[in-house]
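Below, in C-alpha cells: the form predicted on its own, a single chain.
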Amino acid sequence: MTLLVDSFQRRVTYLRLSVTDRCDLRCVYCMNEDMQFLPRQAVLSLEELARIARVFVSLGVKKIRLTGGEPLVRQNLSWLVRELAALPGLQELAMTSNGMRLAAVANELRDAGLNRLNISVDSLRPERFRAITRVGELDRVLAGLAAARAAGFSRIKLNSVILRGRNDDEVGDLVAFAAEQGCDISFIEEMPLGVISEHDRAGAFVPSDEILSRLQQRFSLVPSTESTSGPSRYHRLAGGDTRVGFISPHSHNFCASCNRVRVTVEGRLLLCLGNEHSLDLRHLMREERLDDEALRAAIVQAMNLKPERHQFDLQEAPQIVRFMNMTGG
C-alpha cells in the first residue's frame, strides 16, 4: 500500500524523475530557441537522483519514468538505470526520449534494466520534423526506434504533439506508422508551459476529440479501459495490437485520477504539472542533510500541497513560466 496519499485521497504511485534540463532539440512547443540551462552545481548528482528514487519506492511508488530535457544527454545514465532497476518493489522503469541519441545506447539501456520507452515523433516528413524541432534529424530518430525494437523493448510508445497547420494532417499516417512498427502512439494537446513567441498556442490547439474523429474516418478504433499508469485514454486498432492514446489536459482534464508527481533535476518536488506547489528536496539533502527517514517524512507531508487540478487557459498568458524541459516531461 502506498504511503503517498494527497488531501483528495489520490494515491501517488508514479514518479517522473528528470535527469537533465538540457536537450539537443529545441521543439517549438517546449522551449525557446535560445535557452539558458541550469549551472552544473544546481543539478542533482546521479547519486542524489538514485537516493530520491529509493526513498519514493520505499513509500509505495511502483513506476518511475526518466525524463528531461533529453535524458540521453546526461552522462553515465546507464549507471542510474541499473541502480533504479534493482530497487525492490519497483514494477516499471521507463524513459521518454526524443530518440536522437538512442541508436548508440538502446542495448546498453535494455541490459541495465530499462523496461519501457516513449519516443517523440511529431512528423514523418524530414523537413517538417526539422521545422518543429528546429534542429532535429528524423532519420536519426527512426534509427533510434529501430535500435530500440532490436534491443527487445516491449510496447514502445510514440508521442506526438499535434499543432494545427503544422502536423495535424499527419495523424492518420502517424497511426499507420505506429501499427507498422508494432508500437503504441499517444497524441498530446500542447501544454501551456513557458512563454513562447514562435506560434499562438490558442490558434494551434487541436482538441483530442477532433483527432479521434479524423482517425475514425480511416481506422476502426475500439475504446479501451487499459492504462499505463499515465494520463492517456486509449483506443485499440480493431484487429491489431496497437493502442492509440490521447493526452488531453485541456479538453478532457485528467486531474481527478492523478497518481503522479515530478522531481526536477534541480530537486524540486512538483506536486502538479500546472502549478508551482513544490518541496525543495535538494535543500533538504544538501543543506539540512536529512537522513532517509526524515526525507520520507517530508515527502509524505508534501502530499498535502498537491492541488486538486491545474487551470490551463490557452486564451491567457501562461501562469507557469517554467518551460517543459524544466518541468521534467
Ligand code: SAM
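As the structure is a prediction and not an experimental result, all values here were calculated from the model. All residue numbers refer to positions in the sequence shown, first residue = 1.
Missing here is the form predicted in complex with the ligand; even so, the following discussion is about that form.
Partner-proximal stretch of 263-271, 46-54, 65-73, 293-301 relative to the ligand in the predicted complex, 4.5 angstroms, heavy atom: Going through the listed ranges, the match is 65-73.
Complete contact of Leu117, Arg149 and Ser232 with the ligand in the predicted complex (any heavy atom, 4.5 Å): Not one of the three qualifies.
Distance check, Met191 to the ligand in the predicted complex, heavy atom within 4.5 Å: Contact with the ligand, yes.
Contact test in the predicted complex: Leu109 vs the ligand, heavy atoms, 4.5 Å: No, Leu109 stays farther than 4.5 Å from the ligand in the predicted complex.
Arg201, heavy atom within 4.5 angstroms of the ligand in the predicted complex: Yes.
Heavy atom of Ser123 within 4.5 Å of the ligand in the predicted complex: Looking in the predicted complex, residue contacts with the ligand do not include Ser123, since no heavy atom lies within 4.5 Å.
Residues within 4.5 Å of the ligand in the predicted complex, restricted to 141-179 and counted by heavy atom: Counting only heavy atoms within 4.5 Å of the ligand in the predicted complex, the contacting residues of 141-179 are Asn159, Val161.
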